[in-house]
Each structure stands twice: as C-alpha cells, then as structure tokens.
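This document starts with one chain, in the form predicted alone, laid out as structure tokens.
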C-alpha cells in the first residue's frame, strides 16, 4: 500500500514507496502524472548496498540488491514514460563506480549497477523519438550516509585513490544532474559520466601530489 504524505501546498506531493514493489511504484507515479498532467524529470536514485561474498550470500540478500538497484529503476521508468512522451523529458539513472571497477563482496550490487549503464543506452535509443533523453552518472565516494563508513574509518587510504584528493559532495551530484536536464545538454543522451574525482584514472592517481 502506498502511503501518501499530505503536501503543505498543492504544487508539492511526496510519497513513501518501496521501489522494489512494482504495484506501489505504478500507483504513485500514475497519481503524480494525473495530478500534474506530465512528468518532466525522473531520477532513478533509490539504492541500497550491503556487502556479501557469493558463498555466504543468501537469496534475500541477492534479491534485495537486484530488486532495489535494478528492478526499481525499471519499474519507475516504465511507469513514468507515458507521462513524458507528449512533451519530452529527462531520465537520470544512478550507477556506481562499482559497476565498472567492482570490489570484493559487492558482486550483486555491482552487477545491478552495471545493468543501469546498459539500460541507459537502451532506453536512450528507445525513447529518443519522444524527445526523452536518458543519461547516467556513476558516483565514487560521495559524502552521504551510504559512504559514512569509508569516510569515517578509511578516509586516508581512499583519498590516495582519488586524484582530486577529496570526497564528492551532494552538490556535485546536483550540478551534474542539473546539467543533464538543461538545454546545454540537449544533444547528450545514452551517456554515463563518472562522478568520482578521477578515481582509478591511472595506476598512480595521486602521484602528482608528491611533486
């Protein structure tokens, strides 16, 4: 059941939705589309990361990684497209550096996020006739609750992998998404941009800091 949080003003509406439940997703997005008459932007940002080696991963763990990180965006996009087709729009997918530079214990998560990169390219082609552009960004370590353990307990070792020698901030993601949705990016679709400070750009990412 979709729980609606009543908005303070008519121009805002918020919903509490389990994105791994196609019924909840469809119900919420249909309500949004009918209420506002169209959907301009969809950001497939919901995600969850729990590590687990394949030998000890349970069905529940693997299904959670795939259902939230891969199936959720597919449910959201499928439901939103009918409300974008008339006037066009932008779909922004969120992948991860773990999609292309995987890490031990993050196989299911990385596989799901790699799927987001593939879907970005496929959807860009499928939806181009409706002037719906589809792009993706793949964050490295952003200063969010998901990266709290890394930033708190392994900051120095992680910073040694990042040429810019800093962690990303939410504003970095906001600025990139804003660009994707702007007219300046009107001829860009099907692309995945790394938002990672250059992590793993070379075998010696921070060597220049020693010069």
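This one's a predicted model, so the numbers in the text were calculated from it and none came from an experiment. Numbering follows the first chain given and starts at 1.
Keep in mind that the form predicted together with a small molecule is not shown, yet the notes after this line are about it.
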Option from 33-41, 138-146, 176-184, 53-61 whose residues, in the predicted complex, bring a heavy atom within 4.5 Å of the small molecule: 138-146
Residue 96 near the small molecule in the predicted complex, any heavy atom under 4.5 Å? yes
Is there a non-hydrogen atom of residue 47 within 4.5 angstroms of a non-hydrogen atom of the small molecule in the predicted complex? yes
Whether residue 19 contacts the small molecule in the predicted complex should be assessed with a 4.5 Å heavy atom distance threshold; does it? yes
Indicate whether the small molecule has at least one heavy atom within 4.5 Å of a heavy atom of residue 28 in the predicted complex. no
